[in-house]
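A single chain, nothing else alongside it, follows as structure tokens in the form predicted on its own.
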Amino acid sequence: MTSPRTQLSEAELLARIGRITWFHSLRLRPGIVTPGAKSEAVLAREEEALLGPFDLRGRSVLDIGAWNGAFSFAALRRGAARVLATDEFAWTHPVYRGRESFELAAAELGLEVEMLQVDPTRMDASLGRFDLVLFLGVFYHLFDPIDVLQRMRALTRQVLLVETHQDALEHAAPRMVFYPGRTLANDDTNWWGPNPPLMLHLLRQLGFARIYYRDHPHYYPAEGNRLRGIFAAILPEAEPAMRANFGTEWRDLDAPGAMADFRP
């Protein structure tokens, strides 16, 4: 982390913020927070849930679908030596203006982060391998998520972290629900809802040795509908600091009875 690099006045900064549609609420200066759909409180809970189990000091992180950059920046704050943030859809969208938002936030926060504008369907091992790959809120937006998950496996040195919408929780067998058109949330980029058994067996098939699951800390209404889940897929060669700090919120999906309460 360095000193902020922008020379914008407060009025100029607020004007630039106002031209962008924000998903993440980022505190750029005292009293100046971007008006994101996700509040600072929600992002703080998500950050702890997603990154809390891992010692990122000196490690490398790849953030797929970084958008405004909340989790890229969080990884740097937690000591990551290298963070590569990637996106294409949000970064090129004429309303979201995601690349502009990311660059503005990184400059204001004084964070040194690498950027690569690329769609996950075109990513491959030529990018190198990363200790932690963040694949958050992307899986269910892909028409062919299994191909892209294979690509993420090739980029993972230790841990792949997948956060996704899920469905078919009443089934013990691996299932994935397909949503044609605007079936899910009136969004024609929402394609799939996997269940935890599907994710377990798919990730095991890709060579991950241990799969941990936890409910999303925000998308878990009081009535108990697990709208989204988080899966930490650990490779056999992962270091203890990247595989040994899962708290009680997490469950080892290979443990006996681990999925019993997903079903009625």
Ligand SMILES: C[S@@+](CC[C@H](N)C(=O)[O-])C[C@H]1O[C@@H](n2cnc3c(N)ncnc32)[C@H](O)[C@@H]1O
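Every value quoted in this text rests on a predicted model; they were computed, and no experiment measured them. Note that residue numbering follows the sequence shown and begins at 1.
Although it is not shown, the form predicted in complex with this ligand is what the next lines describe.
Student: Ok, 196, 36, 53, 65: which has a heavy atom sitting within 4.5 Å of this ligand in the predicted bound form?
Tutor: Contact residue from the list: 65.
Student: Which one, 149, 115, 76, 136, lies within 4.5 Å of this ligand in the predicted bound form by heavy atoms?
Tutor: Going through each option in turn, the one that passes is 136.
Student: Just to confirm, residue 145 within 4.5 Å of this ligand in the predicted bound form by heavy atoms?
Tutor: Heavy-atom contact with this ligand at 4.5 Å: absent for residue 145.
Student: Looking at the partner-bound form in the predicted bound form, is residue 189 within 4.5 Å of this ligand by any heavy atom?
Tutor: Judged by the heavy-atom cut-off of 4.5 Å, residue 189 is in contact with this ligand in the predicted bound form.
Student: Residue 23 near this ligand in the predicted bound form, any heavy atom under 4.5 Å?
Tutor: Within the cut-off, so yes.
Student: Taking the shortest heavy atom distance, is residue 130 within 4.5 Å of this ligand in the predicted bound form?
Tutor: Answer no; every heavy atom of residue 130 is more than 4.5 Å from this ligand in the predicted bound form.
Student: In the predicted bound form, which of the stretches 150 to 158, 116 to 124, 103 to 111, 164 to 172 has residues with heavy atoms within 4.5 Å of this ligand?
Tutor: This holds for exactly one stretch, 116 to 124.
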